[in-house]
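Before any questions on binding or motion, here is one chain by itself as structure tokens, the form predicted alone.
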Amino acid sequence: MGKLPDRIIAIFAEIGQAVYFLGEVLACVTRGRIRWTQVLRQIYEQGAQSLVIVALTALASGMVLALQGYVALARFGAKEYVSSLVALSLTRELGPVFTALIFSGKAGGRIAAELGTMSVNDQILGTRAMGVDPVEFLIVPRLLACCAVVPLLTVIAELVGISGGYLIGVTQAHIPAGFYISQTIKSVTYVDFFSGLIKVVFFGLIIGWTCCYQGYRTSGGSLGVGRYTTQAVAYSYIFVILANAGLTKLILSVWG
């Protein structure tokens, strides 16, 4: 029985440390202690690392949505609404969530592994010994890059996914190309687009925070790097899915 209270206390202590860690990062940002060269470098590295797999996933998702939508809607004589189904599904939900999950596995895992390797090799302590704040030098650029890259990748994923749906809609459903494009433009309003975009900004923050924190606190040598990297990716998945549920409810309550 004594182990359960200890476990609960440890969980709350862990949450407190993570919040304090985020507070340190935000303090650097609000004070203008941002190394923009490092931020741009991280944006390039994280974006280039994730772009291809995000685009391929979005293309396949758009094509599958169009195929399944065509089969279902054709039963009711409404195959012309395939374009609306694909566009709204991608912009509101699938594009943001798929992009965030893929980014967590690719770039998020890399961030945790990099920082974890630095931590177990005492490079972070060495940075502090040289008079450089490791949070400012290592964490802030990576977290800001996550907040910038995930929305950019999401927009690309949505465009690629809609293009995949267009290919299926025109070639398989035999919907006129001009009609498909016009229906797509009419069906997606600014609320649909920006509701998804708002969510991915939070997703980027969650991924950057989780992966940087897990990497920063890594211990236990090479085995610890693997364990904390796995935790970072797993926690990012869980937090993104939970945040998506909460943000979707909030956005629908405000915008409908």
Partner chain sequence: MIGIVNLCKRFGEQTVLDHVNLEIRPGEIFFILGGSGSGKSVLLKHMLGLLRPDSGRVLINDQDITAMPEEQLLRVRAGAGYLFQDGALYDFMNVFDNVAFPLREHTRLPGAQIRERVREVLVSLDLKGVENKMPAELSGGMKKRVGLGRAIILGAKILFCDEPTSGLVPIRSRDISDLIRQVARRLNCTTVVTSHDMRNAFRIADRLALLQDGRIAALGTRPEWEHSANPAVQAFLQ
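Positions refer to the first chain, counted from 1. Computed from a predicted structure; not experimentally measured.
Note that the form predicted in complex with its partner chain isn't included here; everything after this is about it.
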item: Region of this chain that lies against its partner chain in the model of the complex, out of 207-215, 222-230, 30-38, 194-202 [heavy atom, 4.5 Å]; value: 30-38
item: Of I181, L73, L152, L125, the one that lies within 4.5 Å of its partner chain in the model of the complex (heavy atoms); value: L125
item: In the model of the complex, the residue from I156, L88, V97, M118 that sits within 4.5 Å of its partner chain by heavy atoms; value: M118
item: Residue contact check: G77 to its partner chain in the model of the complex, 4.5 Å heavy atom; value: no
item: Non-hydrogen atom contact D133 with its partner chain in the model of the complex at 4.5 angstroms; value: yes
item: Contact flag, A129 vs its partner chain in the model of the complex, heavy atom cut 4.5 Å; value: yes
item: Y81, heavy atom within 4.5 angstroms of its partner chain in the model of the complex; value: no
